[in-house]
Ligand SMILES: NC(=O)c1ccc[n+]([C@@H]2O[C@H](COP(=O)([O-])OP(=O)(O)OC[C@H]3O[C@@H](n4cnc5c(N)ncnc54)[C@H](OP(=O)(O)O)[C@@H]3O)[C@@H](O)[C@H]2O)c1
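Shown here is one chain on its own, the form predicted on its own, set out as structure tokens.
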């Protein structure tokens, strides 16, 4: 017998990057049913679709991973829609879950919710000690409202919900779309594309001096499953590996693993995003009994191998050859 025996579980965003890995792990458990709602069937921004989802799925547990996301460029172009869509999806999913008396609601936050100048490593207690980094503040604040809602609902309704704060995630099945990808897929794609098409240089946003912490997606999925089983507080809980790396140093590893030997230019007129990001994971280790098992370099190697197979070389045969520079928003 396990926590998941005979449970109906809804995983919003279960067809996406992180969600698909969470579903993989759930399939190994003895769940009665795993429901992955698709936006074409249930647009969770609209309350009527949220009600319909709960009516159709009758879940015991909801793992809410669905989100409207993007990098720095996408956040700067779409602050209103990112705020509204994320706020409405999360608030409505939790509210209807409360009305339906589900057993547990797992809400996924974002490291972008932390204040811009939080002392490193970020502790959960520092979440409210300032305003988030401006370029992604609307998205970060919309997700942070789930922490407020979770705590308020536990106090008033004794509703069992938790709020998780993951580091930047990466791994196979990540989003490699040039307009909306985050830093690791953006760098991998640019280095491989430049190598395959014979480009001599790539141009990247920012200075490369900003730092980030990266958590491999299967480690993140495992932590979410364990938090669902073992964590029962509305106080935020960091999910990470506790290791900080500068973007410039990350790029050097990716260049080596992708075999891109060209030059890199940095456009320092474009934003770096938050100056530093690294999480204190002591509470994760204490409450979940879990530490990540995939190192950054091993995870990058697995991600690059997956991408090389997923997007074979002939994909770029029609690429424009006239320019020697490929530019990208690092999308941090």
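Numbering follows the first chain given and starts at 1. Computed from a predicted structure; not experimentally measured.
One more form of this protein, predicted in complex with this ligand, exists but is not displayed; see below.
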Is it the case that 39, 65 and 182 all touch this ligand in the model of the complex, with a non-hydrogen atom of each within 4.5 angstroms? yes
Flag residue 168 as yes or no: does it have a non-hydrogen atom within 4.5 angstroms of any non-hydrogen atom of this ligand in the model of the complex? yes
Since only the chain is shown here, I'm wondering whether residue 44 would be in contact with this ligand in the model of the complex (any heavy atom pair within 4.5 Å). yes
According to a 4.5 angstroms non-hydrogen atom cut-off, is residue 69 in contact with this ligand in the model of the complex? yes
Taking this ligand as it sits in the model of the complex, is residue 114 near enough to touch it, meaning that at least one heavy atom pair lies within 4.5 angstroms? no
Counting non-hydrogen atoms within 4.5 angstroms of this ligand in the model of the complex, say which of 135, 234, 118, 110 makes the cut. 110
Counting only heavy atoms and a 4.5 Å cutoff, which of 168-176, 149-157, 98-106, 245-253 contacts this ligand in the model of the complex? 168-176
Taking this ligand in the model of the complex, which residues of 265-290 have any heavy atom within 4.5 Å of it? none
